[in-house]
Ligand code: BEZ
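A lone chain, given as structure tokens: the form predicted on its own.
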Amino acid sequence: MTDDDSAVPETDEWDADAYDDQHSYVHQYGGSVLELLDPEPGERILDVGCGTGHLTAEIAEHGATVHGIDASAEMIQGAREQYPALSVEQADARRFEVEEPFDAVFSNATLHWIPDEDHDDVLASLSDALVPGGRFVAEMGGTGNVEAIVEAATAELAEHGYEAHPLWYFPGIHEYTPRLAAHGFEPRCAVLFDRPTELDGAEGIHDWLGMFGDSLLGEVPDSELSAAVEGVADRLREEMYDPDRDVWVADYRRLRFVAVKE
């Protein structure tokens, strides 16, 4: 998974086909982040959390030489099957080393999967991967992202004697830009914004929890998981479900930034 995103909690198992079929909004929303990157012919670009390779392929279409990394073997296999000409590999962004630095680093819907305590390692690794003056363009979940979903899951699990364990890291601007600066990046712009996100299909919240909620619902035994997911959906239905359009709308908030290696 790359969101919705490179380093993924070990408890999460990614189904690349389901990710593409039911969660295509992840890479579709990433198109505007790609516009911010504005890749140019001949540039060398690192795509961190490339997932099944859709945005990686779009970067290549601009004439750039792109290399994608993702911590999930399933996602890398999916990328290789769909885009056999792409350069991709399974790798951990916290410990990634390059022989020749890149002109830019791009990341969409990935960095929030990396625990807070590991972000300094990630930023150090990505700084080392860039040429001086190279740019770092990324979008990740920001403060308040999926807050209603987490609250509903926490309440539902507590009612049955379990605890929810959300492992995501959703920082704000004033928290993350100093971390960038501490690793030699000059933040050029950063914005935190609400982005209500339609989930695919009438079972959207169920599919979302099935794809992205492994750690959140990890304490629930398999025999009770279906009931727990339905319980979370019931708690969210009034707030997130639009019966007129038969669609769920998740409470996404995103942090988007551009930084330059000094």
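The first residue of the shown sequence is 1; numbering continues from there. As the structure is a computational prediction, the values presented were derived from the model and not from experiment.
In what follows, reference is made to the form predicted together with the named molecule, a form of this protein that is not presented.
Novice: Residue-level question: is residue 145 within 4.5 Å of the named molecule in the predicted bound form, judged on heavy atoms?
Specialist: Close contact exists here: in the predicted bound form, residue 145 approaches the named molecule to within 4.5 Å, heavy atoms only.
Novice: Can you check whether residue 141 is within 4.5 Å of the named molecule in the predicted bound form, heavy atom basis?
Specialist: Although the named molecule is absent here, residue 141 would touch it in the predicted bound form, with heavy atoms inside 4.5 Å.
Novice: Taking heavy atoms and a 4.5 Å cut-off, does residue 168 contact the named molecule in the predicted bound form?
Specialist: Contact with the named molecule, yes.
Novice: May I ask you to check whether residue 113 falls inside a 4.5 Å heavy atom distance of the named molecule in the predicted bound form?
Specialist: Looking in the predicted bound form, residue contacts with the named molecule include residue 113, since a heavy atom lies within 4.5 Å.
Novice: Please state whether every one of the three residues 136, 176 and 185 places a non-hydrogen atom within 4.5 angstroms of the named molecule in the predicted bound form.
Specialist: Checking in the predicted bound form: none of 136, 176 and 185 is within 4.5 Å of the named molecule.
Novice: For the chain seen here without its partner, which of 33-41, 208-216, 49-57, 232-240 has a heavy atom within 4.5 Å of the named molecule in the predicted bound form?
Specialist: Only one stretch qualifies here: 208-216.
Novice: Which residues in 225-262 have a heavy atom within 4.5 Å of the named molecule in the predicted bound form?
Specialist: Going through 225-262 in order - heavy atoms within 4.5 Å of the named molecule in the predicted bound form - the hits are 252, 254.
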